[in-house]
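Listed next as structure tokens is one chain, alone, in the form predicted on its own.
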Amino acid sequence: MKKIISTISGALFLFAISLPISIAKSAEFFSIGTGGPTGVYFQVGNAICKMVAKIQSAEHGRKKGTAKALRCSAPSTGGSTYNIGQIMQGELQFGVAQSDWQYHAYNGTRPDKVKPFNGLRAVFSAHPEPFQIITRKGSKIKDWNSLKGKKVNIGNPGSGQRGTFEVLMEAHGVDTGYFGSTSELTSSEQSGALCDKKIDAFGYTVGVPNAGVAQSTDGCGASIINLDTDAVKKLVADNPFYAFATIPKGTYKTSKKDVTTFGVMASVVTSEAVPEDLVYAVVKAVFENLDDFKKQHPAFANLNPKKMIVDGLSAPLHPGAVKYYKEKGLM
């Protein structure tokens, strides 16, 4: 992690010193925390940076550099709760986070998992994210109950998938002792481990389709199990940030039938301390290039501006975002 962020920071520094002095002095650098490099969060962050670069290029072409230049990076990070924590500390200006962890951070309802942060602010929501349990071919895992005694990856600490897996265990009244063994692999490591038979299953909260999931389903015949137990039904009924989701048949090579599970929304968040003009500029870059943004990943194909400013947003909208949405008649 530190190595990746260090590398990106070094690249940004080299880029900054290569700029004309007048632009480098007026440039504002900001970072968006994402997730594992094979996950959709990483794609969200980098798609935002592409849109910022696109609108900056157009504006500076017209204004000859009179406006402040924005320089964006979207490093791979530990995921949802990590991003929120880093935003709270001022190390990141933006981050991608699951809607449930946005809710818990703002409301302080799960201090054991994510630190209370009433300064958290919403920017917009992106794609829906079903929680998926992917099982190894030959593991004989057909449902939640047959995970008992198996080797299961529950995700790295600080990731949204780890948090959701722990919520799921709690809902079923079990802990890690229910499984034969557990591991804490990152999203970029788990598919390879499954195909190498080092684990029998892993949980993943991610948009559909996903390259990491395809690596295990299309690559070594893994399957996604249904998650429609009574415990899951109660979880969805009791929590407004959860909803049932369907992974359509044909999504992956082994998807012979629709899979029923539950999920959250991916949301872009920031802090009340981040300047209004910066948030406004980021929102403008995305919403005025939304067609291009949608092309960056299949999970973004059905994004709807009116839903993006409502769905999955349980923290107040940042004033910079509100300003843009009101100007465009979306609010």
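In this text, residue numbers run from 1 along the sequence as written. Predicted model only: the values in this text are computed from it and were never measured.
Below: the form predicted together with glutamic acid, not depicted.
Exercise. Tell me, which of S191, N153, Q102, S159 has a heavy atom within 4.5 angstroms of glutamic acid in the predicted complex?
Worked result: Spelling it out, the residue with a heavy atom inside the cut-off is S159.
Exercise. Thinking of G39, G78 and V206 as the candidate spot, does glutamic acid come within 4.5 Å of a heavy atom on all of them in the predicted complex?
Worked result: Yes, all three are in contact.
Problem set entry | Non-hydrogen atom contact G35 with glutamic acid in the predicted complex at 4.5 angstroms | Result yes; G35 sits at the interface with glutamic acid in the predicted complex.
Exercise. Any of the heavy atoms of Q98 lying within 4.5 Å of glutamic acid in the predicted complex?
Worked result: Taking the distances in the predicted complex, the answer for Q98 is yes, it comes within 4.5 Å of glutamic acid.
Exercise. Where, among 239 to 247, 79 to 87, 173 to 181, 136 to 144, do residues come within 4.5 Å of glutamic acid in the predicted complex by heavy atom distance?
Worked result: Going through the listed ranges, the match is 79 to 87.
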